[in-house]
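Okay, here we've got a single chain as structure tokens, the form predicted on its own, with questions on binding and movement later.
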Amino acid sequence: MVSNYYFLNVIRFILLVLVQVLVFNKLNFFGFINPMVYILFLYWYPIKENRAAFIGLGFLLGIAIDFFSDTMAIHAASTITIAYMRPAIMRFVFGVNFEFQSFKLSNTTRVQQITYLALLIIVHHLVFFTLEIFSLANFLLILKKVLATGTATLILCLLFGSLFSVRKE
């Protein structure tokens, strides 16, 4: 059972990196919207796992995307940030319920799941585009990219999530 669990996470990691690098990095809607669906790995990662390992996996995920995208560790910095902030985001969205041993993301409401995913995406994109542009004089450009790319990423992540989720009957 445990090896199946790790195997599933390795497959998710590899497939999301490949899909991001081979498909979504080539898309540019309206010339600047580039969806980042690899964030789903951090969304789907089990909640009660070792936090240091999770942050390390976030770094590996980001550096793998950076390696193929030639973005000089911007993705790595963004994924480490949301991996580090995930408990605070979860406490904000789910309250103290997420600290119980029996908490599962699948047992929460759809609105809470979307809010959680949206906050992960907003924090990731805010860090990413702030580091990419690296000038607060262009704050409106950063905001435009965060909102436009974040909306596209959220829609695609919700589509992927509904496509690959296990149905509760």
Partner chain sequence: MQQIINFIIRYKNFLLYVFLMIVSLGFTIQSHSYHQSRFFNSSNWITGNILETSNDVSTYFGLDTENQKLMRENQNLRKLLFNKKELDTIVLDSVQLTYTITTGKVIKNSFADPRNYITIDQGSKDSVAPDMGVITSQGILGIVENTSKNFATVQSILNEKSNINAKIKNTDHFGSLVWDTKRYNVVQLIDIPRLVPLTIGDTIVTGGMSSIFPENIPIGTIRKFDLNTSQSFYTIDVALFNDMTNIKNVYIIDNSYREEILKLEKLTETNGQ
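A quick note: this is a predicted structure, and the numbers were derived from the prediction, not measured. Residue numbers count along the first chain shown, from 1.
Just so you know, the form predicted together with the partner chain exists too; it's not on screen, but the next bit is about it.
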| property | result |
| --- | --- |
| Selected contact from 117, 142, 105, 131, since only one has a non-hydrogen atom within 4.5 angstroms of the partner chain in the predicted bound form | 131 |
| Residue 59, heavy atom within 4.5 angstroms of the partner chain in the predicted bound form | yes |
| Contact test in the predicted bound form: residue 55 vs the partner chain, heavy atoms, 4.5 Å | yes |
| Partner contact for residue 84 in the predicted bound form: the partner chain, 4.5 angstroms, heavy atom | yes |
| Contact label in the predicted bound form: residue 63 to the partner chain, heavy atom within 4.5 Å | yes |
| Residues from 18-46 in contact with the partner chain (non-hydrogen atom within 4.5 Å) in the predicted bound form | 18, 22, 26, 28, 31, 32, 34 |
